[in-house]
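Encoded as structure tokens, the following chain is the form predicted on its own, with no partner shown.
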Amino acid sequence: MELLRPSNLAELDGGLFVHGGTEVVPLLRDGILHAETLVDIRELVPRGIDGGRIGAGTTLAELEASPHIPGALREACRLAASPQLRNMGSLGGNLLQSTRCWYWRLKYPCRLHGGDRCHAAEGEHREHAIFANDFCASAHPSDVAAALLALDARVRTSRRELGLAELYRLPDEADRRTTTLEPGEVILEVEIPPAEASIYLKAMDRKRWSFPQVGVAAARTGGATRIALAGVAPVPWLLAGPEDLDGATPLPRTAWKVEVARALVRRALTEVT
């Protein structure tokens, strides 16, 4: 395997991008990702916080410690992983992490792997999706993505600028991807508008360092409040309001997530309003 360290974005030409490595390295080790060339992009991706602009190379630990970013994002970073992973994992990498669905991780021929079945829908699915789970029942694991979605963040890549919601897509028969990034496209920066109040709440199986069973972010700006959820759909999920939970489509063993989400949404809205 070859390791490249390009000096600028123009030199990017194929290969598998690596920054902190907390996501890519385990997937390579487990044979889920395959690459002949790894591309170290640490020197190409901005790092640091400048007002509402955050370099995609900024670590979760740096975000957690910053008094200059909204409370929802700080709390999402604090709850996201162990201290070791937060010190290595980058903002951009966290937004792009893959599902923790055990069928996908164990390389079952599921729909995300190009197969014709969602094994979770038919099998063990206690930790899976309650929204948009007809094609794939996986649950997006990023606390940080839910916080940024509630904060109405925008993303700048090496090719374009887009709202955070536009970074993600639901997989379907024609395209099994869960993001809209094209080959060779790199997340460079995230911009967060000012928020009057924000919070992130998380239900997980362990008290610390666990992926969200249900994560709820709420942010109030200009009298309007946005609510976003983690762990409930194949992508970070935006609610138009608490009543959207009435439209959830839980699988037999995920119905409990709907009630947990209702409770966390009520608490979050009380905090920010």
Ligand SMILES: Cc1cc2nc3c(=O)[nH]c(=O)nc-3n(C[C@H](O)[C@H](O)[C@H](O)COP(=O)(O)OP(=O)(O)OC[C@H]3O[C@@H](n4cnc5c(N)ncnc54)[C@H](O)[C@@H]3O)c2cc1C
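Predicted model only: the values in this text are computed from it and were never measured. The first residue of the sequence shown is number 1, and the count goes up from there.
The protein also exists as the form predicted together with the named molecule; that form is not presented, and the subsequent description refers to it.
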Next item on the list: Go through 69, 245, 45, 238 and name the one with a heavy atom inside 4.5 Å of the named molecule in the predicted complex.
Entry: 45
Check: Heavy atom within 4.5 Å of the named molecule in the predicted complex: which of 199, 81, 195, 165?
Finding: 81
Next item on the list: Answer yes if any heavy atom of residue 214 is within 4.5 Å of a heavy atom of the named molecule in the predicted complex; otherwise answer no.
Entry: no
Notebook entry, point to check: So in the predicted complex, does residue 41 come within 4.5 Å of the named molecule, heavy atom to heavy atom?
Noted result: yes
Check: With the partner left out of view, is residue 265 within 4.5 angstroms of the named molecule in the predicted complex by any non-hydrogen atom?
Finding: no
Next item on the list: Consider residue 9 of the chain shown here, and say whether it contacts the named molecule in the predicted complex, taking contact as heavy atoms within 4.5 Å.
Entry: no
Notebook entry, point to check: With the partner absent here, would 132, 250 and 259 each sit within 4.5 Å of the named molecule in the predicted complex, counting heavy atoms only?
Noted result: no
Notebook entry, point to check: Quick one: which residues from 105-134 get a non-hydrogen atom within 4.5 Å of the named molecule in the predicted complex?
Noted result: none
